[in-house]
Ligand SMILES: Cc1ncc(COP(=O)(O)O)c(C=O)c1O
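A single chain, nothing else alongside it, follows as structure tokens in the form predicted alone.
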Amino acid sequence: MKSHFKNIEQKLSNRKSENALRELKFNENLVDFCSNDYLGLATESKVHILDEVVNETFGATGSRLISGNHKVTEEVEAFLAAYYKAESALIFNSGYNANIGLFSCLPQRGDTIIYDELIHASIRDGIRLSNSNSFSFKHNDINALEEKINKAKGNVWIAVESIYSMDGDEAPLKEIVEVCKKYDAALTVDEAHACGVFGDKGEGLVVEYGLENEVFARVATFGKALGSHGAIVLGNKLLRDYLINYSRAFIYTTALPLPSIFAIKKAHTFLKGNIERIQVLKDLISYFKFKIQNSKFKIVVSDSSIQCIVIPGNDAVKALAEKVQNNGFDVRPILSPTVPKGEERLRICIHAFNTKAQIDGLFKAIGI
């Protein structure tokens, strides 16, 4: 096994030489500008303290198809389908699992998947597991999308995110829907960073634009603005039945335990009763964008919680992140190869629990 460990050691050494080695880190007592807890629901006791008593079994015990299914889980799926204005819904253990589960089984040999070049790694991994052809298209470029569709064979599947995780920018969903109609393509939308932030009740951008009946499948995740864990695939009943039968990421994994299922429902119920948090968040995003507009840095602003300051080079962005952390603000550097070389950045996440004074302090620590 010496050669095996030597290969591993060399790979890690390569990462160190590029100053790109990933390490687990835990920062305490810093102002949070890095987490995906956009609405602060991760710390809400009404979401996470279990007061329901169903039986003495709170562990999952097995996969949904063996012993891990529960009446409560199916009730929550029906609740979520109604919440997100879909005919049907199926819970997965995470957004990563949901995307793997969708894209590995839906497109068939001879079909074509066309995906935005900035699509999430989980979708790319799902595509690799499928037997279909695949092409990327230039980010948010409708003309490039049409060009790739014209080269496609078989059934065509289009994959986009409504809000992209690194830039925080928005997909032109209305235009993409029109292209899909024109070419009879099936559109799937990952709403991970839109859930809880967009829509009257945080249902995401697809619902905000009234496109829920134009999209083949949506993935809504609960580990970000909803402050819990897990994900759901939204679509019609035919899609749900198909995934139960063919999605290996659903079939061959242990189900989410009941405490997680309860937390998912309570997070949505809590948000519905505290909907003003979305507007508080949007006001802080507007304040951030106003204050940073004359920055000397290259900035990537958006209408989402995700804002970026581009600091080229792993060394430079890591040094600035450490300086900002030493001044009491938790921001994290995004390094290459996660983003292309020269596009390394501070990824700043704004939350409903942040304040304007904290944003001012963050800017001072960065040197804006």
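Keep in mind that what you see is a predicted model, and the values were worked out from it rather than measured. A residue's number is simply how far along the shown sequence it sits, counting from 1.
Heads up, the form predicted together with the ligand isn't pictured, but that's what we're talking about next.
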* Structure fact -> Heavy atom within 4.5 Å of the ligand in the model of the complex, from candidates Val215, Ile264, Ala192, Leu243, belongs to Ala192
* Would you mind picking the one in Tyr96, Phe135, Tyr287, Phe270 that has a heavy atom within 4.5 Å of the ligand in the model of the complex? => Tyr96
* Identify whether the ligand in the model of the complex is within 4.5 Å of every residue in the set Glu161, Thr221 and Lys224, based on non-hydrogen atoms. => yes
* Is Ser130 close enough to the ligand in the model of the complex to count, meaning some heavy atom within 4.5 Å? -> no
* **4.5 Å heavy atom contact, Asn155 to the ligand in the model of the complex** => no
* Heavy atoms within 4.5 Å of the ligand in the model of the complex: does Ser165 have any? -> yes
* Asked: Should Thr188 be counted as a contact of the ligand in the model of the complex, where contact means heavy atoms within 4.5 Å?
  -> no
* Could you tell me which stretch in 72-80, 116-124, 136-144, 172-180 has residues with non-hydrogen atoms within 4.5 Å of the ligand in the model of the complex? => 116-124
